[in-house]
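Single chain ahead, written as structure tokens, the form predicted alone.
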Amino acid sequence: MIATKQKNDKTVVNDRARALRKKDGFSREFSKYKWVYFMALPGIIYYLVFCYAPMFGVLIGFQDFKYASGITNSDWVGLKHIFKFIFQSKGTAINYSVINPDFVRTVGNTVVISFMNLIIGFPAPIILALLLNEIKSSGYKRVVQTITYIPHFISTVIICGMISRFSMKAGLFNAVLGWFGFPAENLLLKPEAFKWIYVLSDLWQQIGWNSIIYLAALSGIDPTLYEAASIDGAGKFRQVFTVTLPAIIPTIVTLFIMRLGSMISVGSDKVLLLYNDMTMETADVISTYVYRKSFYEGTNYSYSTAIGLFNSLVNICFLTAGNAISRKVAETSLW
């Protein structure tokens, strides 16, 4: 019994010593890098104020929120609003045997646009970075980079205004399509054309900006690897697959996993500026549906919040699954 007591006392002493060492280690690190922590402070404050503090408002997604009662006193309804979004409902009654057509339309359009963006928009910056990496003329390289970066800094409102002009019968898009024998028509009034207009315009707007991180990864590749591959008889094209791509695979996988985290998130701003009653069936996504339900079709903030929470949870599932698969297959993961 005495030996057990001594062993317990020794364990307590060791735990206290370990805690003190950890505290002293953090103090030394903070004093050494205090200006780095100080520079990170605005970013920390931003996320606390605009990302974490508003999370308290998620509670109204589980309530029948009323202004008079406030968040703390509104009636709790659990997952009713999420079920109303998924299943057909009339008044307070929910028919669990029939899927809500709004759910099918908005989730379907969101998934299709996100998948098209993933297939087309994700590899495009990688290809652009690989091509820019092979350019020897620094002047020409800077010109190409500047031209591809500029669309990222143009306001979305201006971008959508340009797209609207280009999509008219006498616009640029129809002029190009006319070379291939297509008839001139207002493309923004064609439901089947909306997704392609959205995805390709997003590609044009983001391809240069998204290539920056890949160019940074390419600049860190040891030049001697290319020399060794050249001595072994590998040409430029083969060097891309034997040296370049394997060297930046961790960067590609990391960004791919992060892209999966927004798999069913399509921003409402561009869609709201481009869609109309003619294209609603193929253009309406979750974010625009939430916007309409919040501000145009009444002020049911509980219902809108529940849908937004549902969207976030699905994205988290995609992110977690992608990270687990990547850790097992490619041995690269976010955590």
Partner chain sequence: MKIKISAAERIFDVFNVLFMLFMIVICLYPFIYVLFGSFSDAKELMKVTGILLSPQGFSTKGYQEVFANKDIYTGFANSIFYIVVGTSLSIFVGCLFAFTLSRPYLKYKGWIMKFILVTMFFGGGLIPTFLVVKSIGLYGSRWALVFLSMLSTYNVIVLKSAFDSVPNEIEESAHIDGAGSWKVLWSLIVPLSKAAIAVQVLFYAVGIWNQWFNPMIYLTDRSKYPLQLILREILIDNVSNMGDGAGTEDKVGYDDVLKYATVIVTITPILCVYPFLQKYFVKGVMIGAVKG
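Numbering follows the first chain given and starts at 1. Every value quoted in this text rests on a predicted model; they were computed, and no experiment measured them.
Keep in mind the form predicted in complex with the partner chain is missing from the figure; the text below concerns it.
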Q.
When the contact criterion is heavy atoms within 4.5 Å, does F62 count as touching the partner chain in the predicted bound form?
A. no
Q. Is V58 a contact residue for the partner chain in the predicted bound form, using a 4.5 Å heavy atom cut-off?
A. yes
Q: Answer with yes or no whether D269 is in contact with the partner chain in the predicted bound form, where contact means some heavy atom within 4.5 Å.
A: yes
Q. Would E134 sit within 4.5 Å of the partner chain in the predicted bound form, counting heavy atoms only?
A. yes
Q: With the partner chain left out of view, choose which of L172, V104, I119, V98 has a non-hydrogen atom within 4.5 angstroms of it in the predicted bound form.
A: L172
Q. Exactly one of A193, I82, L128, V253 has a non-hydrogen atom within 4.5 Å of the partner chain in the predicted bound form; which residue is it?
A. L128
Q) For the chain seen here without its partner, which of 137 to 145, 109 to 117, 85 to 93, 242 to 250 has a heavy atom within 4.5 Å of the partner chain in the predicted bound form? A) 137 to 145
Q) Taking the partner chain in the predicted bound form, which residues of 42 to 71 have any heavy atom within 4.5 Å of it? A) P42, G43, I44, Y46, Y47, L48, V49, F50, C51, Y52, A53, P54, M55, G57, V58, I60, F65, Y67
Q: Mind checking the CA-CA distance of M258 and P42 in the predicted bound form? It differs by 3 Å or more from this form, so is it closer or farther?
A: farther
Q. So the Cα-Cα distance between L260 and A40 shifts by 3 Å or more in the predicted bound form; is it shorter or longer than what we see here?
A. farther
